[in-house]
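Shown next as structure tokens: one chain only, the form predicted alone.
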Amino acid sequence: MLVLGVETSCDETGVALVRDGALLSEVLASQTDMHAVFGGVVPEIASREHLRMLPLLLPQLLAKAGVTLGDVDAVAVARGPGLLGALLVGLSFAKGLCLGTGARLIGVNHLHAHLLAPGLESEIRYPALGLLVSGGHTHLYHMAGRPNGPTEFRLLSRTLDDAAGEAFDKVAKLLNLPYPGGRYLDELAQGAEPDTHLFPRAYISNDNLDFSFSGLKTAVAEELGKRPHLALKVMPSADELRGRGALALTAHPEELALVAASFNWAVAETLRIKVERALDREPGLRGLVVAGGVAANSFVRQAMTRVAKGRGLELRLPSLGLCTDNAAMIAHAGWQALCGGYGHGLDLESVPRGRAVPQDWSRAGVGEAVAEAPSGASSLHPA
């Protein structure tokens, strides 16, 4: 089965093709530089850019893969959560393709797709604990992963205010680093020894699994208020940072590296503590999956590697390209849902951030027409 994935939930425009669970080809257009001058994503600009780019990216993808639209069996589209205007562009595009080609339509929960993304590279060991950590979300899930049936996501916790990625971006903004700033804070911290007493590990003095990074963000802001010389006098461009590196642009590289390392450590340790707590409460888990944009952070990856090794769990970390928003994960999650006999009609609706993605799958007339999932594969089912 050949599935076309469409991703437009935020500021990445992506299309990808997955055939029988394996990535065939993908094309991605990033809007990062466009939004960097505003310090964050401007929804109207993002929507218009998706509208402009999708008709350009699709022919590139088909040519790269050596297939035609007539070869596509189904179209998987990110239907939420995300920016409503951006989601509507992708969903309308996907519906148009289905109307024109007769392909099936499947709407994908963007958050669940992130957690399934490592399955494109290696088999996920179920049942697993899933940590989704990104700019908009910090969630823990129990991932059941029943063979040849829908993968069940049971939400265990969420962020109460700022997500981890949002904290990274806000701290970077205090240092006058461009959006998105998480990558630069990680780069600044390389080789530096963190001061484990400089910043608090946020919202851990409790007995729950929820996250809150607003207190950590405030602590960093107060510390930087005492060190105003650490903020760059002029915000550098992304090209300048790629060429010279952030430390080369400051007169206080060692001090800035210490602060960055201490902040990175505080975030990673907070995530580790909550993950360990969840593992204690969810017996019988065999895997640990970490996904989302912040899963690219080196401190987070190291902390989760230690947790998995200490617990004897199979760790699945996506490659860096699969951490950020991409269409490969949408196509992969859609393929899994279709293999389970699930599908959507053309009345499928987008779901903006802040609303739960509904359980509105349909099996009517779908199961007879799709191939069975191979042994060990799982399909997507909303929580």
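In case it trips you up, residue 1 is the first one in the sequence shown, and so on. Here the structure is a predicted model, which means the values were calculated and not measured.
From this point on, the text means the form predicted together with a small molecule, which you will not see here.
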Partner-facing stretch of 209 to 217, 196 to 204, 109 to 117, 95 to 103, counted where any non-hydrogen atom is within 4.5 angstroms of the small molecule in the predicted complex = 109 to 117
Decide whether V294 counts as a contact residue for the small molecule in the predicted complex under a heavy atom distance cut-off of 4.5 Å.
-> yes
Does the 4.5 Å heavy atom contact test between T324 and the small molecule in the predicted complex come out positive?
-> yes
4.5 angstroms heavy atom contact with the small molecule in the predicted complex for G182 | yes
Do D162 and the small molecule share at least one heavy atom pair within 4.5 Å in the predicted complex?
-> no
